[in-house]
Ligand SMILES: Cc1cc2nc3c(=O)[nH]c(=O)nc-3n(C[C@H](O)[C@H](O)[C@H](O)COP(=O)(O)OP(=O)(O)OC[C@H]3O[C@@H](n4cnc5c(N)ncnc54)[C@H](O)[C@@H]3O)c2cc1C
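Single chain ahead, written as structure tokens, the form predicted on its own.
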Amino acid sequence: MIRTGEQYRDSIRDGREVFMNGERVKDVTTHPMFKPLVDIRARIYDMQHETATAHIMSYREGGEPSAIGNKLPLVQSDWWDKRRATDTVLEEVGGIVTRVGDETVGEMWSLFDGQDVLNEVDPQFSVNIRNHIHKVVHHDPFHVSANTDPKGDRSRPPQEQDPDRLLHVVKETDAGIVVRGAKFETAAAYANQAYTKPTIANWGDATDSDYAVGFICDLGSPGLKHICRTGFAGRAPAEDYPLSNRFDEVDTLVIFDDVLIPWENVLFYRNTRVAMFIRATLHRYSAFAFLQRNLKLADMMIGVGLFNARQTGLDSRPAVQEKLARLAVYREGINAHLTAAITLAERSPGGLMMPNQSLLYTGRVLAGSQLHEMMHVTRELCGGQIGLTPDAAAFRSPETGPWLEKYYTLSEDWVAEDRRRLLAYARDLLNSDYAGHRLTFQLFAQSPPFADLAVVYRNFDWEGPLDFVRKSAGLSDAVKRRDASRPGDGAAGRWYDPAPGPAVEEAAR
């Protein structure tokens, strides 16, 4: 029920068509730009078996061990367990990896919540989502997510331009549907399967649109092509770019060239209402794991900023302490939202336990909207040397090494090599191609700022402030009646029933 790292590696040696820099990749498990992340994902699998971490990384399902990250969240404690498991992984690997499965599997739970909507279209689709959630729990695949499309002209419906620009169904067969189009997808080249769904709700007047389709895709399927961006690993020495060489998660343009999707893998089809429901609730669970990574990123920025201040003897200066305090406030703001989202967890429409939606989404806006500012505060703490320091080879050279040893040694405790390592780490965290990519990735992985704020608007409990002002200002009953005709969607502060109930337990089984 849980795989080993080697079993995972074997599972992606399936003859899939993967291309990078215009060349076919023979084996993603050994290619230098894929291997670091493949090894990390394999390490996560192995941690589920090792005595020191198995109790953190796994739980018992039907008498057999299963991955904590894949567990359906039925009670509040499930979220504490998931948070602890993710922290354990990030501490073990020494950096941040996002697309490793625990984040993306949550998107399927949102569809589990929408089974009543699926049943209106076809009851079989509801059966399919339950079956696939069961498969994830019991077979432990590396599961990712396919959302973003090549955009095209977004002022026009897809039918009025190249119809293959957006993924759509071109044929139905007895075996399943045949799809054509493309998706951008992180980690697809070295994952097992992807929950594939529409991003752009631009179907015109077509209620039964061929573009409104969602399914589970085997990423080794015939007709599937993975065209990857150039990875950061191996482009520069690891000593100079310690994060780029270990944690780059390669993004892929996945081409669906008439790919057959078996009917049992189809989760919804030709129904724009279901597709819009998915877009509205997609991050109901996955935003938690994403936000948790931002917390670790805040820790990394605090660490490099404070170490530099201590190395240079500036940590006692008020101006430096002020900048460190700003980073601490940012960090604890994220931590508070994560903690409160679990503490005030609420029951989902499908009976699962979901993090408090208002607190989760406002925490995401806090983390994403201030990240670029916090990165610059950290640059200020590190000073200009993160952009000026020579590479490791210069420190090793007989001709230049002695000079660098002289000018980069700060004290008996802070020798030149430690100084160089810290500045290289800070440069890779804040200034490198990898750093810029991670910042831009915020817009791709969890939607752009306007969409994040729109989700906050839909989930905040507006009635609380309105009711207070209505009473405090002595507004008339007519205002109350008129306002009651415009109910909000918010659920902030809603307490939950800690028991999932027999119906949800049975569905989970």
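Residue numbers here begin at 1 and follow the sequence given. Remember, predicted model here, so these are calculated numbers, not experimental data.
The form predicted in complex with the named molecule exists for this protein as well; it is not shown, and the discussion that follows is about that form.
Though the named molecule is absent from this view, in the predicted complex it lies within 4.5 Å of a heavy atom of just one residue from 437, 273, 421, 135, which is 437. Of the residues given (428, 102, 140, 185), 185 alone sits with a heavy atom within 4.5 Å of the named molecule in the predicted complex. Taking non-hydrogen atoms only, residue 259 never approaches the named molecule to within 4.5 angstroms in the predicted complex. Contact check for residue 126: no non-hydrogen atom falls within 4.5 Å of the named molecule in the predicted complex. Though the partner is left out of this view, residue 357 does not reach within 4.5 Å of the named molecule in the predicted complex, counting heavy atoms only. Residue contact check for residue 448: one or more of its heavy atoms lie within 4.5 Å of the named molecule in the predicted complex. In summary, the region of this chain contacting the named molecule in the predicted complex, judged by heavy atoms within 4.5 Å and restricted to 388-396, 144-152, 343-351, 115-123, corresponds to 144-152.
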